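A lone chain, given as structure tokens: the form predicted alone.
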Amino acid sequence: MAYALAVLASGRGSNLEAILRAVDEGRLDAEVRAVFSDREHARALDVAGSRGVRAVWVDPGAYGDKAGYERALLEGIRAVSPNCLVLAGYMRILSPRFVENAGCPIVNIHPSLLPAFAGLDAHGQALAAGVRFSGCTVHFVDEGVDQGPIIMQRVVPVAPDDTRETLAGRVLKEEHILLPEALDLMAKGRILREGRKAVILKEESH
């Protein structure tokens, strides 16, 4: 049985497209069972719907508080029984209670080389710091913001004339490679979480 994924996304869904493309091409033995968004008109929902994947808008405004919204979101996620929950451009911070009760690992893709430049505007932070390299990180989600164990990273050089937009464009291309690769390792059982670290196990030889 294919590794079951549920995806949370708030925007255009380009990382979702990368996941679905990797599944189609046989680079990722997984099934995206549902995509959830906090935004009614998120393109990610259109991407999911066009591929026959369940697309669900969970309206934060329909609940009295964050806790109520997260309970509804968890209910929808549990209904599809994922092996892993993927944050692919999801712009809300999940509470520790949500993470604890998700019932499966949660992974996130972040546009910097964590632990550097966590949080919002990672590209702006990188440019302001004058770093020569940035990149992207797939990591486990824990109770902190962009602080969970790092699974994989890809490096992107920063050019002297880079803007947020040009740097973001090059990093995004690497995100589209990195996220399916990391999920493939997860699907194959080759990611072991040990405390604050994620260990990549060697592929078994036959």
Ligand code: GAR
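We number the residues from 1 along the sequence you see. Owing to the predicted nature of the structure, the values given are computational and were not obtained by experimental measurement.
Note that the form predicted together with this ligand isn't included here; everything after this is about it.
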query: Touches this ligand in the model of the complex: Gly89 (any heavy atom, 4.5 Å); finding: yes
query: 4.5 Å heavy atom contact, Glu70 and this ligand in the model of the complex; finding: no
query: Contact of Arg12 with this ligand in the model of the complex (heavy atom, 4.5 Å); finding: yes
query: is_contact(Pro111, this ligand) in the model of the complex, heavy atom dist at most 4.5 Å; finding: yes
query: Stretch in contact, per heavy atom within 4.5 angstroms of this ligand in the model of the complex, of 56-64, 153-161, 170-178, 26-34; finding: 170-178
